[in-house]
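Shown below, as structure tokens, is a lone chain in the form predicted alone; questions about how it binds or moves come after it.
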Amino acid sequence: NKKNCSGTSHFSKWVTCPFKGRHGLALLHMSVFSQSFSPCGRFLAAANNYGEIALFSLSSALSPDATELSQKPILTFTAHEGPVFCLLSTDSQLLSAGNGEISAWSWAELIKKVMGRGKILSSCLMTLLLVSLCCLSQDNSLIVGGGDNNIHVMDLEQGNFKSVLHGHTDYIHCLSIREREGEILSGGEDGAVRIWDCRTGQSVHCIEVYKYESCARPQYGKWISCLTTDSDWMLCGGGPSLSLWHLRSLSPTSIFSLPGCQRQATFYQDMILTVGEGPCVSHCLLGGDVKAQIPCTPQSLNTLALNTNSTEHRVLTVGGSSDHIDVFTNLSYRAFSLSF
């Protein structure tokens, strides 16, 4: 079901965010770290290493009458002083994580700004080195992982912390939620994937992926840079090879022979889509075979996102070491690129 891009923020700090154009060397050295689609699916937000968030209109970019201008941002604003590591959309807000803070941006106000009305509504939620966010929708909680080696659970309605999960011995790169089972999964620099019980806040399992001979790649280290789940299955990788795990048996079932470290992966139908070092989106079969590698514009990839919020604007978008974000309307080839 389509959701409306509406609603107002719980927070009340008004900020103005001037457009900042990037040219020359700045564009050459730009990296896109994260993306998120609006609740209605008509807009894509993308964040870069300069602290900027750009908003793109998918309706315009996918139109038969699209021009080069249709592939440029309809709004660009400075969200953080340093890189924006993570973006996450809720039903009414766009959350951004940067150096030392999380900010909440009202989707309704962002869209009003695009239409030439209003300012951009934002609030700083916390101060901490942050690299990963996810939402537990059943109780409207924000799960935060970052540089203090802990996982923080925040009540998004009240804006306060409910609990802190201790167990990792180095900073946390990635998070995933198993809503039905009431579990949080986290992957860190310490090489561990921890499974947490949401109700008790206790770590119920710890998988040290790098200790499994089939997964280990000592030349890349032990850190876990990507993690995602689907029902009883988990994908994780980083220093160790990307691998598929059955969470009931806590054992790896498939290992994917991909070069370099994978930075983001997702389940899609009967396949796995993954990006990392190198200029390709890899299509992998669940059994471990790499079915295809689709060329992209950036030479190294950080983020991929599937728009499931709108059937009319259903696309895959990929970003990395470039000011370009590749758009796939068909998974077999790049249709066009958006650019900052």
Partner chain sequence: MSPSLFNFVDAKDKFTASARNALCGKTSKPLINAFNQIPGNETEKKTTLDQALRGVLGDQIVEQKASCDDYLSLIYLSIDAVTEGICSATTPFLLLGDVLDCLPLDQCDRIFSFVEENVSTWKSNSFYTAGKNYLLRMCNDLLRRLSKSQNTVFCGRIQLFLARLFPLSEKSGLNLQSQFNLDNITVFNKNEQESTLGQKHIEEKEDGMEVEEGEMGEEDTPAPCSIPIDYNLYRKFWTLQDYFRNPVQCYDKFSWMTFLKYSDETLAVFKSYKLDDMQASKRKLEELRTSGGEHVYFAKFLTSEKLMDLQLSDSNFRRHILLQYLILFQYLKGQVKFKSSSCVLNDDQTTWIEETTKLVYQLLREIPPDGDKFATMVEHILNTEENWNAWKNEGCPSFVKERTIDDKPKRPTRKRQAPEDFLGKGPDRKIFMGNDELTRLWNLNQDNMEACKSDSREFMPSLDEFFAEAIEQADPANMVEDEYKAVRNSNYGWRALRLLSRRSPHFFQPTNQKFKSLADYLDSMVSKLAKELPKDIPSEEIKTGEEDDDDNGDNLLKESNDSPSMQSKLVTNQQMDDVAVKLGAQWKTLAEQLEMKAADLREIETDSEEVDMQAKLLLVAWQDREGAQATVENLVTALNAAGFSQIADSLSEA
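Bear in mind that the values here come from a model prediction, so they are computed numbers and not experimental data. Numbering follows the first chain given and starts at 1.
The same protein has a further form, the form predicted in complex with the partner chain, not shown here; the description that follows concerns it.
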{"query": "Heavy atom of Gly287 within 4.5 Å of the partner chain in the predicted complex", "finding": "no"}
{"query": "Distance check, Glu68 to the partner chain in the predicted complex, heavy atom within 4.5 Å", "finding": "no"}
{"query": "The partner chain contact at Thr308 in the predicted complex, heavy atom, 4.5 Å", "finding": "no"}
{"query": "The partner chain contact at Ile294 in the predicted complex, heavy atom, 4.5 Å", "finding": "yes"}
{"query": "Partner contacts in the predicted complex for 51 to 73 (non-hydrogen atom within 4.5 angstroms of the partner chain)", "finding": "Leu62, Ser63, Pro64, Asp65"}
